[in-house]
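Given next, in structure tokens, is a single chain: the form predicted alone.
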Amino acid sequence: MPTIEFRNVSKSYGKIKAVINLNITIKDGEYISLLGPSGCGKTTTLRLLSGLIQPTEGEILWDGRPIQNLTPDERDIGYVFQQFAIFPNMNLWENVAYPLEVKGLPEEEIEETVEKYLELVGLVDRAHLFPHDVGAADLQRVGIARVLAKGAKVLLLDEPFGALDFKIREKFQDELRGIVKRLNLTAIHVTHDQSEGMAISDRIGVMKKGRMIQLASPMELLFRPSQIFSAHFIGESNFIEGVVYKKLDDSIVVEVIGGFKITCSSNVRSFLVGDRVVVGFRKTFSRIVEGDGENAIRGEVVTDRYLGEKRRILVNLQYGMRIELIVLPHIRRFSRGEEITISLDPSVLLVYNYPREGLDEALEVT
């Protein structure tokens, strides 16, 4: 299977820059997901790789060979869309067989290939049915079987679960990853669903305004995001402005809005006393404690809302700053205006240089 490399790839439509200076390597057999706000360049990246559009600048390499001059049919790529693109006048078998018939393959080879891939996706016993006789998940299985039967070495998946119900989507995620890994394919998967990307991917690429912000494993993005936008977009985080107050051997003390001093011990060696910083922490990575607490900040409760299996508590800090905590539903309920103390584990705090463009713009997702 191929290793895919984007080298300084950009794509513009007039003044609109859809992809900007993309430099990534996708390893042989890897499952990559692309996440980001609408219009960030995810689908454009797929279309560039497929050959449906050409880069304005840069080159795309396939095992070290540029592929710009290859047509989509010459790239051994299968494109799976959200809309299924299934022929309604053909049964499931005929839908999978159609591209092989167009190629003029022998009838015996077509039969063997179609049966192999319909069995792989669990539809060989329903091959005689027509698209109107089956559900959305089976239609997507047919689409996947069809691109695999063509001999695709790379799967490009553009919101492939978007038309599926939640429960079906969860089951199908495991099925699809299993197929990709069993056949040692390379997959690039565009999604808006963070949980989907976290569940299915070897690595996730976070994009914003045409740029690749970070490409990393799901666990790295969740626990140690290197960029402030990644920490904001993947999962849910709070961010508090502050200044480095003291530098210790393996940690720093940051004075944050409100005058609270908190110790941070993760990836903090590059910071100096006086640096303006932003401290981030996941909304689930904090504890409400009695009294002063260690490594703590205090604020007043604005709202305390039940949302099924969890509660969201909105808290006012001083000088207009607000944070939100996600807690289990069984802890005691808090009243509006009640002062609470929030204890923060130094090892899970994320520290970033204050963004040049300002915090609000750095976190913007539109």
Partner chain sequence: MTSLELRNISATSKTGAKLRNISLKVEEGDYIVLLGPTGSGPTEVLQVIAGLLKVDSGEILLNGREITDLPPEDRNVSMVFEQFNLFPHMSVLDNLLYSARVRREDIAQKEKVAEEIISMVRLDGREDAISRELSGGMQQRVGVARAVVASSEILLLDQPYRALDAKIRAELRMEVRNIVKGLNLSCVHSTHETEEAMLVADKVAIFKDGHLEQFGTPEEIFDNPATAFVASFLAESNNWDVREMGEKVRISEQVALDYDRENYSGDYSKVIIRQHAIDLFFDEDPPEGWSSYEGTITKIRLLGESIRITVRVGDVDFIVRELINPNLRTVDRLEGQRVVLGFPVEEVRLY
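Numbering follows the first chain given and starts at 1. The structure presented is a predicted model; accordingly, all values stated were derived computationally and were not measured.
One more form of this protein should be noted, the form predicted in complex with the partner chain, which is absent from this view; the next part is about it.
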Within 4.5 Å of the partner chain in the predicted bound form, heavy atom basis, the matching stretch of 134-142, 217-225, 273-281, 97-105 is 217-225
So in the predicted bound form, does any heavy atom of P37 sit within 4.5 Å of the partner chain? yes
Does any heavy atom of L70 come within 4.5 Å of a heavy atom of the partner chain in the predicted bound form? no
Give a yes/no on whether Q82 approaches the partner chain to within 4.5 Å in the predicted bound form, heavy atoms considered. no
Given that the partner is absent here, does V243 sit within 4.5 Å of the partner chain in the predicted bound form, heavy atoms only? no
Are F166, I326 and S347 jointly within 4.5 Å of the partner chain in the predicted bound form, each by at least one heavy atom? yes
Check each of Q173, T263, T113, N91 and return the one that places a heavy atom within 4.5 angstroms of the partner chain in the predicted bound form. Q173
Only one of A127, A152, V268, M198 gets a heavy atom within 4.5 Å of the partner chain in the predicted bound form. Which one? M198
Neighbours of the partner chain in the predicted bound form among 231-245 [non-hydrogen atom within 4.5 angstroms]: H232, F233, G235, E236
